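In structure tokens, one chain follows: the form predicted on its own.
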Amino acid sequence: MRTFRGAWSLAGLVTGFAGLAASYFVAMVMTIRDAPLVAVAEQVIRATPGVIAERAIRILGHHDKAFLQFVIFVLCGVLFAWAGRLARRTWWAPTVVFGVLAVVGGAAVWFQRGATTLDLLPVAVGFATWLVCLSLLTEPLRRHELALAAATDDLDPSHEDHPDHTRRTFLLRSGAMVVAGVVLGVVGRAVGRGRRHVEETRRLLRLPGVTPPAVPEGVRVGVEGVSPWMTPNDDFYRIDTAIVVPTIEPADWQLRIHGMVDREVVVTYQQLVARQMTEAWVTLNCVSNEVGGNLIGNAWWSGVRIADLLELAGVQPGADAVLQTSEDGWTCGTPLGVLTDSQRDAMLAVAMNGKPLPIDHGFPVRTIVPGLFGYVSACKWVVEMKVTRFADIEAYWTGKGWSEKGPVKMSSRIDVPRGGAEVPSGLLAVAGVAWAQHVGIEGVEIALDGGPWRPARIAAVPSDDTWVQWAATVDVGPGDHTVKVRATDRSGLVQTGVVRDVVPDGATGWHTVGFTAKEQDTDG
């Protein structure tokens, strides 16, 4: 029998797993949202250059955070195995490896918003677990190697110095640590029921002044395959930087308005929902939405006008921005003028499509600002608004290369036919959506196979802050075809065909779809 390097690597892996499980368990028991591994992932997101972040969103979509966590977990596994192999030669080298990992985890936790020294306890517990477990696993491995060197045929296999005994000791201890780690993870997950409790609170909420959505007449063009005019909550796109979304009890939520104001204002959830509600259909659009992309949705939002709260605080002269901060530390800088514009009705939303906000979309309170991309306005889990100047702040995405103001750009999309579809030749319905929030769509045109632009029929809209469905009919012969779309807003501006990337202030270009028309079989 021999001791392979794999046994030492396994010792490091089991040790690392046990430490992560212990730190996760402590974080859940303490109801700390940011377990060390989660905190590291969120700090990586914050430190990622904008171009790389945009590319990740484009390639991975809503799986980007899961992929990041997987990569971090794999890297930790490699370092754990390496630490185990180092332990074969010296005791201090693996201690340094685990110490560096603990420092990284501690720093990630410390720089999370609102962190205190108590939040570092899970890191300390994880580090202590690493040291203890590594010692327990490497001790039988060292004895095993000594036993192999001194083994004699007449040695009782049950003797503690027999190679079989030391090997069994290692395997039993490893198995016990793995089982204990799994138990800690399961129990920690059960103990950390914060989200489930908040979800139950949300389900039981009854919000005064919130009415169910009634889709206005005439907003649908009646073509199958076009995106629903009202986007269901479960289908609404989600883009944020939170690995674990904040779960806030309404009774614990409050908003602080401070900075360049005459008086600081703190509003609780109960005080907010007691104020007069405003409701509106508003389309939200992510700056990462490519031409023809689906990072856009339309919903019935209910909330309280931000302008009224800012008036209560008394905005001082010279201010031109509001730095919004989320419970998870994310920030966005919003132009002060759009928050106080009486025609725009920017709101602190408490309901979406007639129901309390979903947790993933900002429960209990988020910001909705018509006409601006979300990265400068749509602050989920909002807890702070600082009235300030753009010259004095740098928000999360604007520090990564995106522009400061972020007005939504006019765009249009073809939903029918889908790219690469096969359709019957002859008359074909072409349909989709177009948007120019807070300006409105005046008309939509399509062009088949590079031909002249033809007007499409557009449906009704209740306001300029929502998208509009459109439809047209074309006659296509057998073969391959392309169709493109462009819109014109109510100011007379025609959508540009110049292709630009989403960075720094949104993509431009005409959405073009290729499809194939098949000759219809006329045989009876």
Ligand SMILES: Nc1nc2c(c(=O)[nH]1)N[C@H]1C(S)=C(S)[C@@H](COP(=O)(O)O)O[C@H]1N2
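The structure presented is a predicted model; accordingly, all values stated were derived computationally and were not measured. Start at 1 with the first residue shown and count on from there.
Below, we turn to the form predicted together with this ligand, even though it does not appear here.
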{"query": "Contact at C286, D328 and H361 by this ligand in the predicted bound form, all three, heavy atom at most 4.5 Å", "finding": "yes"}
{"query": "Sole residue of W435, W381, W130, F80 within 4.5 Å of this ligand in the predicted bound form, by heavy atom", "finding": "W381"}
{"query": "Listed residue (G126, G374, G105, G333) with a non-hydrogen atom within 4.5 angstroms of this ligand in the predicted bound form", "finding": "G374"}
{"query": "Proximity of D345 to this ligand in the predicted bound form, heavy atoms at 4.5 Å", "finding": "no"}
{"query": "Partner contact for F236 in the predicted bound form: this ligand, 4.5 angstroms, heavy atom", "finding": "yes"}
{"query": "This ligand contact in the predicted bound form: T241, any heavy atom under 4.5 Å", "finding": "yes"}
{"query": "Interface membership of R366, this ligand in the predicted bound form, 4.5 Å heavy atom rule", "finding": "yes"}
{"query": "Stretch from 95-103, 163-171, 278-286, 400-408 whose residues place a heavy atom within 4.5 Å of this ligand in the predicted bound form", "finding": "278-286"}
